[in-house]
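In C-alpha cells, one chain follows: the form predicted on its own.
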Amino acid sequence: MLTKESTGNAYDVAMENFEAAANTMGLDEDTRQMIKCPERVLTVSVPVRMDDGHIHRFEGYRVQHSTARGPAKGGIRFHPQVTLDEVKALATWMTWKCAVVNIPFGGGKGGVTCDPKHMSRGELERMTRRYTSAILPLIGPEQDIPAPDVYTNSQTMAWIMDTYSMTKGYSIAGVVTGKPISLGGSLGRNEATGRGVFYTVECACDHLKMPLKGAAIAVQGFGNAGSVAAQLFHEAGAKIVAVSDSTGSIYNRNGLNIPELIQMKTMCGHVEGFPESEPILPHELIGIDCDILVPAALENMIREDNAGTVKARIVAEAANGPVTPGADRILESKGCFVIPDILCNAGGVTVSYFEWVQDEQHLFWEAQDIYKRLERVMKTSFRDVLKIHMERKTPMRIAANILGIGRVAEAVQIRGIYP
C-alpha cells in the first residue's frame, strides 16, 4: 500500500529538494523568491480532428522556469499522466540541470495529456502541430527550445520545427533539438542521455573503488536512455541482470544478452518473453540483488515503501525525479551512493546544447568530437558535485542542487531586477 509520501506531487518534491539545498547553502530569502518559481506557465487547449472525424480536445502545457542564464530548454512529453505540476517540476529540475553542467540555458518543459500508444501517426501529427501553434508565443531559438521526452522523438521535433518555420516563412532549425540529422539534428543526440549515465557511473565506480567490469546492473525502464546505458555497460564488461519496460520485467542472474534484447525491443516493442530470461514482478526489480540500479522510467519509482529493499551500492538516476525525498533519506541511511538526476541524465541536454550551437553556426561536428565533448562535460560536472559532497559532507543530491542553484542565484543577483 502506498504511503502519502510515496504518491507525492512531483512539484512538491522539487520544492522540497530546492529548500533542502537552499538551507544548506544559506541562500537568502530574496534570492529564493526570485529563482524558485516558474517565470511563465502556459496551459493550452489542443483540439484535434481524429481519424474517425470527431474532435477530441487535449490539454497541453509549456512552462519556462528560468531564463536567467539563457533560453529555456526542455523536452515535450506525450503521456496520459501529464499534469501541470509534473511539467512545472520537470522545468524546475531542468534549470538546475543546465546549471550543473554549466551550459547557457535555463529550464523549460512541455507536455500534452494524451495516450500516444492509441493514436495513429496522422492523429499524432495533427496534435503536435496544433500544440505547436498554441505555444508559438513562447518558443524560438533565442527564447525557448523544446526537445524530445517521454513518447516523443525526432519525428515529433521535425513536425514542431516545420510548423514553427512555416509561420516565419523560412526554415529555423534551432527552434528544437533532437531533430532528424537531415533537418539539422546532431550526431550522438539519440544516445546522449544514456552515454551521460554511463560516464557518471564510471566516475562513481572510480570514487568508490568499485570495478565496473563484472558489476551486476538492473535497469528499470528500457527506453532510449535505459537501453543505451545498458549497451554501454554491457560493452564495458558489466552484467545486466534485470530490465523492465511498460510491458513487464525480466531477470537473468548470469546477465542478459543486451544486443539481442535491444533488437527484440526494436522489432517487437517489448522485453517480455525474451529468451534465457525469467519474468519477475515489476516491483521486484527495485530490490534485485545488484551492484548498480538504474531507474530510467518515470518519477517516484523509488519511494519510502520500497526504498528499504534496494540492495544496490549505486543508484544512477537516468529518469527525472525517480526517488522521492523520503526514499532519499532511506537510501542515505543504507550507505547507497545516489547519482542525482540533474547530474546523471544531463547528457541529453548537453548534446542538445551542442546541436543548438551547430544549428546556429551552420557547422556540424563529427560523432567522436561530440562524444569527447560530452565525456568532458559530464566528468567535470561529476567532479564539481563530488567536491561539494565531500567538503560539505552532504548527500550528492543536495550537492548537485547547491551547484546548480548557486549558479542560477549568481546570474540573478548580477542581472538584478528590471524595472
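In this text, residue numbers run from 1 along the sequence as written. Since we're looking at a predicted model, the values are computed, not measured.
What comes next is about the form predicted together with nicotinamide-adenine-dinucleotide (NAD), which is not displayed.
**Q** Residues in which of 119 to 127, 207 to 215, 133 to 141, 223 to 231 have heavy atoms within 4.5 Å of nicotinamide-adenine-dinucleotide (NAD) in the model of the complex?
**A** Result for this chain: 223 to 231.
**Q** Quick check on this chain: which one of 296, 176, 72, 342 has a heavy atom within 4.5 Å of nicotinamide-adenine-dinucleotide (NAD) in the model of the complex?
**A** By the 4.5 Å heavy-atom cutoff, the listed residue in contact is 296.
**Q** Would you kindly say which of 83, 263, 246, 257 lies with a heavy atom within 4.5 Å of nicotinamide-adenine-dinucleotide (NAD) in the model of the complex?
**A** Residue within 4.5 Å of the partner: 246.
**Q** Any chance all of 97, 149 and 319 sit within 4.5 Å of nicotinamide-adenine-dinucleotide (NAD) in the model of the complex, going by non-hydrogen atoms?
**A** Answer is yes for this spot.
**Q** May I ask you to check whether residue 160 falls inside a 4.5 Å heavy atom distance of nicotinamide-adenine-dinucleotide (NAD) in the model of the complex?
**A** Judged by the heavy-atom cut-off of 4.5 Å, residue 160 is well away from nicotinamide-adenine-dinucleotide (NAD) in the model of the complex.
**Q** Heavy atoms within 4.5 Å of nicotinamide-adenine-dinucleotide (NAD) in the model of the complex: does residue 301 have any?
**A** Result yes; residue 301 sits at the interface with nicotinamide-adenine-dinucleotide (NAD) in the model of the complex.
**Q** Tell me, yes or no, whether residue 195 is in contact with nicotinamide-adenine-dinucleotide (NAD) in the model of the complex, where a contact means a heavy atom of each within 4.5 Å.
**A** Although nicotinamide-adenine-dinucleotide (NAD) is absent here, residue 195 would stay clear of it in the model of the complex, with no heavy atoms inside 4.5 Å.
**Q** Who in 363 to 382 is close to nicotinamide-adenine-dinucleotide (NAD) in the model of the complex, meaning a heavy atom within 4.5 Å?
**A** Read in sequence order, no residue approaches nicotinamide-adenine-dinucleotide (NAD) (within 4.5 Å, in the model of the complex).
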